[in-house]
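We begin with a single chain expressed as structure tokens, specifically the form predicted on its own.
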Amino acid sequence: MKFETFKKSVQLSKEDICRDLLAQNRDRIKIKKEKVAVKNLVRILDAALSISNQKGFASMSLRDLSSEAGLSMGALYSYISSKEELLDMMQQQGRSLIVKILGEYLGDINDPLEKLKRGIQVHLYLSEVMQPWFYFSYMETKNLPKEVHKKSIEAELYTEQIFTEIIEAGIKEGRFRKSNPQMVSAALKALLQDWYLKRWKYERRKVSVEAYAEFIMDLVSSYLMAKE
């Protein structure tokens, strides 16, 4: 699957993401008109990502966010009551997107090797489409309140668990050699994270997301398919 094909199929514009975010947080957001709410949520999220990149989310005040987004403090409070609430909303939205899209792309694949390769592709391609969001979520997890931090860790383990279950199925069917599925999945997750956390490194080496996906797929499948 080519990256451009994936990008077109998921249609993840900022507006689409904020529309979903609005739907999931109707009890928190006071603005009723969807068009207005989506437009301003895009401004708020863009501002939060920009400030976080410059000085870190922990150092950001709501007044900073208000100024960067071009909204009054009163208008900002119509969407969030605190920056911690915004962080929770963003983390929640990121988790639900990953779960939804991985489910859509993996649901009809039975072959363990093909399923694993598709999972690697989809995770990487999604992190490329939403790179600032993935980077932000990873870097700011440490600033989450205890309960929300726990949810973030569970989300990371959820994606690892998807890979673990695929590998376990492959071992059971005799397609993969006996190994520790959890350890393989943890190592795989680290490789996937390296793409969006250290993207500059791959840009400098002129490595595309498609080439990186192929490398990881070859690396993992070579290990799992090795003769004992």
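If you're wondering where the values come from, they're calculated on a predicted model, not measured in any experiment. The numbering used is simple: start at 1 and walk along the sequence shown. Whichever C-alpha set is largest while still superposing within 1.5 Å between the two forms counts as the rigid core.
The same protein has a further form, the form predicted in complex with the DNA, not shown here; the description that follows concerns it.
In plain terms, the part of the chain that comes close to the DNA in the predicted bound form, with a heavy atom within 4.5 Å, is 62-70 out of 45-53, 179-187, 62-70, 162-170. The closest non-hydrogen atom of K83 lies within 4.5 Å of the DNA in the predicted bound form. Taking the partner from the other structure, the DNA in the predicted bound form has no heavy atom within 4.5 Å of any heavy atom of L197.
Although the partner is absent from this view, Y79 contacts the DNA in the predicted bound form, with a non-hydrogen atom inside 4.5 angstroms. At a distance threshold of 4.5 angstroms between non-hydrogen atoms, I31 is in contact with the DNA in the predicted bound form. In terms of contact with the DNA in the predicted bound form, the residue from V99, I109, A75, M139 that brings a heavy atom within 4.5 Å is A75. A displacement of 2 angstroms or greater separates the C-alpha positions of R26 between this form and the one not shown, with the rigid core held in common. Once both forms are fitted on their rigid core, the CA atom of Q131 lies less than 2 Å apart between this form and the one not shown. Comparing the forms between this form and the one not shown, the C-alpha position of S78 differs by 2 angstroms or more, with the core used for superposition.
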